[in-house]
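For reference, the chain that follows is the form predicted alone, supplied as structure tokens.
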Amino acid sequence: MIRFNLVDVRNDNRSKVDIDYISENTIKKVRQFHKGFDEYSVTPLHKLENLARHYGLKNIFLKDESYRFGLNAFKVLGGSYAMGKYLADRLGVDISDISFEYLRSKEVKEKLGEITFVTATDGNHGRGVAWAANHLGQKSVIYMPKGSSQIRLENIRREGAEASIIDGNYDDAVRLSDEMAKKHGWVVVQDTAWEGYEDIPTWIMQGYGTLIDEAMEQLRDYGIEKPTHVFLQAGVGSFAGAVQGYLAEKFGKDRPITIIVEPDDANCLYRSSLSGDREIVGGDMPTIMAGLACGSPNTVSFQVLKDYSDGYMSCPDYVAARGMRTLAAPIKGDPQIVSGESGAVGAGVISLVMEREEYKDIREKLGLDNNSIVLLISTEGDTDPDKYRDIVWDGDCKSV
């Protein structure tokens, strides 16, 4: 059963956290940095008009990040920008004044020496960090939590990183990364923040902003100023906070209704929305949504979500599985989309909320009807192809 908490942030007159750092103008500069990569191209925004009609919605658009830089996931946007910003700061220059090509030059290597970047990951973020470090001519060390996919581990190693799976959960891997960085003089590139470590996580959030800036440009090509509803999946909340901050700054009180979606086993933001405080979830978090199996909200993005997001959902794994199947077997006329476990949960939410009578109250509270234009973001493709087939082909984690 999907659990839902609607939060009235629209009529809350208390002062809200500054979001200028994730504004449209700021993200335009970030996107310009990403355009400096040979691998850069705008990822597809799929129009699912037949699926929307089936659900009684005006339209559904899905941003497909499986095409990002050939890495099958969006995470490289954050890691690459943060590492570029770190190097630029070390050089004493503005990142807007230099290129990625310059940062990988022999001149920069001679000035700064060899740098080792370290991070914790379930797979996608670590692969992005490893890829960027390799392209910059630097080293990377990656720690993955217990239960991580062997395929994702090998993909990270193929990018040139030293990578291993530890005997602990995601937050344990984060702590180990921090400890090893202090011990060896490495640089932590983590997509979550804690007290005293907020600059790099902020830069990572800014990096993620490229995808929503692209999406808004693509929607305008369809003659649409903005969606009415946006569903954003969350682990620590960096990605969700980046998109939420961008939309809130750009549209103000006219921003889309935004819902944050998490797995039941790692629903720290959902729990935080109930208590009003930053809640932490412990344990192994055995969800199939590996990219969302994070128990500690990012301290930077947490306040953005708290101040601007309209609701929170906590979902069983079958919701993500249903989303994967829905996108893999589309209604005739819509494109087929390969979306991984963490990428498809928004599609699963929409399918159940719009079809099932037990969710009629959620539909009505959110105003989901034939005037609604929904934006979903598939943050990954089949980053673990074996697991993807187990779910889509063989019915692992069956929908109910």
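Every value quoted in this text rests on a predicted model; they were computed, and no experiment measured them. Quick note: we count residues from 1 along the sequence shown, nothing fancier.
As for the form predicted in complex with a small molecule, it is not shown, yet the points below apply to it.
K.L.:
Is every one of F33, G78 and Q206 in contact with the small molecule in the predicted bound form, taking contact as a heavy atom within 4.5 Å?
P.N.:
Result no, not one residue of the spot touches the small molecule.
K.L.:
Using a 4.5 Å heavy atom cut-off, which stretch among 226-234, 249-257, 274-282, 137-145 contacts the small molecule in the predicted bound form?
P.N.:
Only one stretch qualifies here: 226-234.
K.L.:
Looking at Q190, N267, S238, Q244, which has any heavy atom no more than 4.5 Å from the small molecule in the predicted bound form?
P.N.:
The residue in contact is S238.
K.L.:
Could you spot which one of A82, L211, M313, L292 gets a heavy atom to within 4.5 Å of the small molecule in the predicted bound form?
P.N.:
Exactly one listed residue reaches within 4.5 Å, namely L292.
K.L.:
Does the small molecule get within 4.5 angstroms of any non-hydrogen atom of N124 in the predicted bound form?
P.N.:
Yes.
K.L.:
Looking in the predicted bound form, any heavy atom of S342 within 4.5 Å of the small molecule?
P.N.:
Yes, S342 lies within 4.5 Å of the small molecule in the predicted bound form.
K.L.:
Contact with the small molecule in the predicted bound form for F117, defined as at least one heavy atom pair within 4.5 Å: yes or no?
P.N.:
Output for F117 is no: heavy atoms all beyond 4.5 Å of the small molecule.
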